[in-house]
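Shown here is one chain on its own, the form predicted alone, set out as structure tokens.
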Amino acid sequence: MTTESRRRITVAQGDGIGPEIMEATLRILAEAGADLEIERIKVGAQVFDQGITSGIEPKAWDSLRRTKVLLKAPITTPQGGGFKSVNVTIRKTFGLYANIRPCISYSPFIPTQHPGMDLVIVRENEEDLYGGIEHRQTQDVFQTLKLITRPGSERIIRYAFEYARRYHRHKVTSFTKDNIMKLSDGTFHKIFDEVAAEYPEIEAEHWIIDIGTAKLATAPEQFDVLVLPNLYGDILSDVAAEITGSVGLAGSANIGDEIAMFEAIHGSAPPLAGHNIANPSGLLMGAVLMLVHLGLGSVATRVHNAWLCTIEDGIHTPDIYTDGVSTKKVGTDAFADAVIERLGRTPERLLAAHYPASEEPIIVKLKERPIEIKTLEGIDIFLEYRGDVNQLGQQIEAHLNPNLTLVMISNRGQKVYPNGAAETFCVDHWRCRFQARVPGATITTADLIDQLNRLDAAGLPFIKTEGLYAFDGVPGYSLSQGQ
């Protein structure tokens, strides 16, 4: 029976090296005094093998709803179609919107070119390209939808600033590509600026993702907290972890309003499974984040400092063993033994960890925003067509709804009609933009449907459509290159 001091958690041992590093991690937590009541669930390969495409056994959902905390070892997702990522499924099902990844260098004990690196990546965890909404539209073209929302952006950005405030971080930096994706990434940047203004004591800056990534790789010491949309955050968190010296040392927290998941950021490494050589450090650091989340900060401090002492003493698994730096090469079990032996010690050269004995999770509240007036200004109709674009344009012009005009045709985002460049390489996927023949005139849904029918009758069936809307008079759609 659960006591007031005991904390219930759900544990998934995972695949590959997962069972080994999970047992090593749990043994360390028990020896450190973490009073945990553990419910075990099955996720990953053995569940996929049962034909469950989510990779999660049905009863696992009930366990997660009971404990509200999951400690999960790495999972192997089968290659090929039909199988879902366990991580993405759990994150989206339970609204685990914030992925927190501390990336710290442990120089000189773990070789790195960046000994002063100590940053935290706060990654949006639910939307962006990771919605997994994909379509094959023509013989040539495949589409993935990138979805950036105002509430999703605001929530993760507020979390980053609240995190910085709580843990006395001095700067929050955002990376986007809003010089190209002016609406999606532009919204993330705009909301970043709005939220940053509410935290005047914290420095805020924005970088374009390409130069920002270059700076992160060459001078990570200049960053403190990074807040990023999903895809950029996924890539950069692995880059940041690797340049600390090893991606195998980093833990990760996935935080929602009610449920949280903790894990290592590395994969399941099937070739290493069963050889007692895997490094449990990443999962152990994820477990430290879990202990803090559970209000067991004293135990988290004890575990983290024992681990730092082990690293400091040169007791290293093969993945981080370095001649002249390491003193002893050990396997998974022996590494766990070494951490346990050092419980109660504090590192001498590395910065000691200290977590508050108990603290409440960060809660984010969104601001209410007025509803903008939405008006229909036209439609983009996408066609599959092989042939000359000028002939396509003339054919469309001959089948126009009387209230509409063909503004332009683009191919892969580049305007090619009218007055396109002959040198532009085109595929079989054409975006045809229709707007009111008389500027400012009202367009109805009936006009758009009629236009679709006219194209179909002309032998030009559509693939998809996108409405062109303005919000409070501001266009909510992009122009094409060359338009």
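The shown structure was predicted, so the numbers you read here are calculated from the model rather than taken from an experiment. From 1 onward, residues are counted along the sequence shown.
The same protein also has a form predicted in complex with a small molecule, omitted here; what follows describes it.
J.: Classify residue 74 as contacting or not contacting the small molecule in the predicted bound form by the rule of any non-hydrogen atom within 4.5 angstroms, answering yes or no.
T.: Residue-level check for residue 74: yes, a contact with the small molecule.
J.: Would residue 263 sit within 4.5 Å of the small molecule in the predicted bound form, counting heavy atoms only?
T.: Because a heavy atom of residue 263 falls inside 4.5 Å of the small molecule in the predicted bound form, the answer is yes.
J.: Report whether the minimum heavy atom distance between residue 176 and the small molecule in the predicted bound form is within 4.5 Å.
T.: Although the small molecule is absent here, residue 176 would stay clear of it in the predicted bound form, with no heavy atoms inside 4.5 Å.
J.: Indicate whether the small molecule has at least one heavy atom within 4.5 Å of a heavy atom of residue 156 in the predicted bound form.
T.: Answer no; every heavy atom of residue 156 is more than 4.5 Å from the small molecule in the predicted bound form.
J.: Of 116, 132, 270, 108, which residue is found within 4.5 angstroms of the small molecule in the predicted bound form when only non-hydrogen atoms are counted?
T.: Only one listed residue qualifies here, and that residue is 270.
J.: Taking 4.5 Å between heavy atoms as the contact cutoff, choose which of 103, 288, 278, 226 touches the small molecule in the predicted bound form.
T.: Checking each option against the small molecule in the predicted bound form, the one that comes within 4.5 Å is 278.
J.: Counting only heavy atoms and a 4.5 Å cutoff, which of 202-210, 278-286, 404-412, 143-151 contacts the small molecule in the predicted bound form?
T.: Heavy-atom contact with the partner occurs in 278-286.
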